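As structure tokens, one chain now follows by itself in the form predicted alone.
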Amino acid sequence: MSEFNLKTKEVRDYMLNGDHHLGLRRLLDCAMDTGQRNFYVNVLNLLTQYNDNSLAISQAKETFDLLDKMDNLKISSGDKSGQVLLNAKDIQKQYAHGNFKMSPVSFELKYNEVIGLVGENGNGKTTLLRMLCKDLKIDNGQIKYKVEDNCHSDYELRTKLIYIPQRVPKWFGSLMDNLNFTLSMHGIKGEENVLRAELIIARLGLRPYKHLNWNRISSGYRTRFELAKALLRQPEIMLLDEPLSNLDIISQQTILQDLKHMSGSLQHPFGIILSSQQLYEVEKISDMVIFLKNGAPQYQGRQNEVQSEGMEIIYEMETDTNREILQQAFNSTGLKSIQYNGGVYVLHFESGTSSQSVFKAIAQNDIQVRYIRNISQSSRRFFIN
């Protein structure tokens, strides 16, 4: 089964299990991967029929018939998988005025990957992103971009490095007009222009707002619009500074999952580096997390790395139970220390402590828990006072 067939199978599974909205978003991705106008039109027509959460039998049949037709296509994923897009080696920056200094940072970004930059405000996340997009000159080190090989000028390179700042600049005219203009600037005109704009608007949930202007949509939808405009430019690298700051929690999770999925496009894959304060949401979709403190990478690791032997186990827990009772309850489970941090307890256990023993102690001692999470491998453990 090809990679594209696996994607269409995923859509079928979502639709059969009643996850229609998710299935439709993935269906849009499949349509865009075909690169064929007839599939663009068919998918957009299907979306027009889905006006509520219910799925009529006739609509379901149309969806599966369309997926069957897609399965007959030979869609190649190309040869970009695993290739390094960006290589940053010991890059540094110090401002002439002020005491801030970015210590040497090194990492690689590959196609289809997401790197999450986390850390408290003022610790260098924006500075790093601006250096990567060539908005700020680095003082030392080197940044090598794969796309440089096919670029004849710095301007051409920067068209492939898309940086979206935290404060979205104001635009004029309707959302749809701006997207059509973006495509025109990249040589896409006529029916192709209209269809691509409609697809990306549908993909990011902007269809009801496409004829509105800046003053008539919320800051969260302005962020989505900026992402739509960036994706239409078919970037190699997307650099996003706090893209979740204006979104509610559900939208945050949706946008992150969508970006991760779209970066794996078979026709136009790309890499993402984003900064955010939403640690857990970012960690779920990141291939690597870099935690910056005072301009230095205090922690840097890939999410698939196995926990190091001898590494302590850390749980974050919210409960009304006092410290003394918690101490007694977990004494036999290898508890090393308890901290109280921002309204929650942080429990440090010896390496090798099993989750079963922790939850068994909670149950046996009738501890009422509102929230508990294993943060042993989360950057959250660095935000403890």
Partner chain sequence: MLNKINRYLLLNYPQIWNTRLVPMLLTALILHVVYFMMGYGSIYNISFFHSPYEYVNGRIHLEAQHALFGLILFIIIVIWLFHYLRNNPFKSYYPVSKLYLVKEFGLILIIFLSLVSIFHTFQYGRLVKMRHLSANIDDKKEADAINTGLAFLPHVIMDYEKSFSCEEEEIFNKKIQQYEENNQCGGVYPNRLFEIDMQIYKRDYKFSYYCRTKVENGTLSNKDINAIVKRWINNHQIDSIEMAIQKVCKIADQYKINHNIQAKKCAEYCFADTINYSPMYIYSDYDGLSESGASEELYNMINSSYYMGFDKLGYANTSVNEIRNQSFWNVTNLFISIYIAIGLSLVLLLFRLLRFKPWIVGILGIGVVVICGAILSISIDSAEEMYYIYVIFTLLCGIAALMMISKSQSKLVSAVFLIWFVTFAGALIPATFMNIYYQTAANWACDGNKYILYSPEHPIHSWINDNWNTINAINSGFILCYVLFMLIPLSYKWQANASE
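Positions refer to the first chain, counted from 1. Because the structure is a prediction, the values reported are computed rather than measured.
One more form of this protein exists, namely the form predicted in complex with the partner chain; it is left out here, but the text below deals with it.
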| item | value |
| --- | --- |
| All of R158, G190 and N193 with a heavy atom within 4.5 Å of the partner chain in the predicted complex | yes |
| Contact test in the predicted complex: T182 vs the partner chain, heavy atoms, 4.5 Å | yes |
| Any non-hydrogen atom of G173 within 4.5 angstroms of the partner chain in the predicted complex | yes |
| 4.5 Å heavy atom contact, N178 to the partner chain in the predicted complex | yes |
| Partner proximity in the predicted complex: K74 to the partner chain, non-hydrogen atom cutoff 4.5 Å | no |
| R130, H268, K146, K110 - the one with a heavy atom within 4.5 Å of the partner chain in the predicted complex | R130 |
| One residue of R216, K284, K101, H186 in contact with the partner chain, assessed in the predicted complex (non-hydrogen atom, 4.5 angstroms) | H186 |
| Stretch in contact, per heavy atom within 4.5 angstroms of the partner chain in the predicted complex, of 257-265, 275-283, 116-124, 149-157 | 149-157 |
| Stretch 213-242: residues contacting the partner chain in the predicted complex, 4.5 Å heavy atom cut-off | K229, R233 |
